[in-house]
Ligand SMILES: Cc1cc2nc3c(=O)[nH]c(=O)nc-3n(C[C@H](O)[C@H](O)[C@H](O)COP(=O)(O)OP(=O)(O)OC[C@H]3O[C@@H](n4cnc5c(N)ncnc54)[C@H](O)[C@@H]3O)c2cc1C
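The chain below stands alone and is given as structure tokens, in the form predicted on its own.
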């Protein structure tokens, strides 16, 4: 199996290589893996025959450059990270090279002689199985597939960026938050249940007591703009995989649940007993957040002796 894994972090190459190894094992095939790192210093990643490198560029330019690699190496599968840029790049590559594409592949299974790629659908309520033929493009979430027996030492080759037709006229600095939700172990999520921006102070106080961070649902970041996009939990935002997620005043849209589903323990606080999030939570509190949070915070302070 000849495969190309792309990404702008070495972790993306490792995640993709893990997927390739599992897939090749299911198919009973050997692996010839290539990597492509864009916008990052090249690092040696065991298990690859060759690692290509290129400067940072637009998704269109990266996709054009990847397509050039495909012309040089006859590939059966192209893998990228299940992130915003990774998905855009792979969709462009798939379109130009006439490949089918499956996103967010989180598992591989076999029934009889057929191998299936698995992905969660309906906000994590069901799993879809896709039979496939190569060549194919796939995106994989972080840390879903572990690398094993990766001993090959790669060669390195620097690529020239192949620009696209889209021209960048102006680049404006984007305010960057210091929050890394994807690395946080404990997160307090806030949603439409909060009536005013100032009321979010309760969530931040709770998060501080728990040594956690504050995240939010789409409306809080995209509609109300009370918090930055770096705190947005959802398919278009951040995906969380910590130990504890306390969702306060969040109804539980499928996109939000999908992004939080890998958290070990989910606690939901909502005054609507029929809120969808209760279906996916490990613990549920049916209460008005304005009555519940002050009591919860008070109890935590008493326990900490504050």
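Numbering follows the first chain given and starts at 1. For the two forms, the rigid core is made up of the largest set of C-alpha atoms that agree within 1.5 Å on superposition. Keep in mind the model is a prediction, meaning the values are calculated, not measured.
Only in words, not in the display: the form predicted together with the named molecule, which the text now covers.
Residue 219 belongs to the set of residues with a heavy atom inside 4.5 Å of the named molecule in the model of the complex. Mapping the unseen interface onto this chain, residue 23 falls outside it, with no heavy atom inside 4.5 Å of the named molecule in the model of the complex. In the model of the complex, the named molecule lies within 4.5 Å of some heavy atom of residue 272. The named molecule in the model of the complex comes within 4.5 Å of a heavy atom belonging to residue 250.
For the residues 195, 133, 167, 110, the 4.5 Å heavy atom test against the named molecule in the model of the complex is passed only by 195. Checked against the named molecule in the model of the complex, the candidates 59, 47, 242, 237 yield a single residue with a heavy atom inside 4.5 Å, and that residue is 237.
Annotation: in the model of the complex, residues 233, 255 and 288 each come within 4.5 Å of the named molecule through at least one heavy atom.
Stretch 211-219 is the contacting one of 211-219, 81-89, 138-146, 151-159, since its residues have non-hydrogen atoms within 4.5 Å of the named molecule in the model of the complex.
In the model of the complex, no residue of 98-121 lies within 4.5 Å of the named molecule by any heavy atom. Once the rigid core is used as the reference frame, the Cα position of residue 221 differs between the shown form and the other one by 2 Å or more. Core-superposed comparison between the shown form and the other one: the Cα of residue 278 travels 2 Å or more. After superposing the rigid core, the C-alpha of residue 53 moves by less than 2 Å between the shown form and the other one. In the model of the complex, the Cα-Cα separation between residue 222 and residue 143 shrinks by 3 Å or more relative to the displayed conformation.
By 3 Å or more, the C-alpha separation between residue 229 and residue 143 shrinks in the model of the complex relative to the form shown here.
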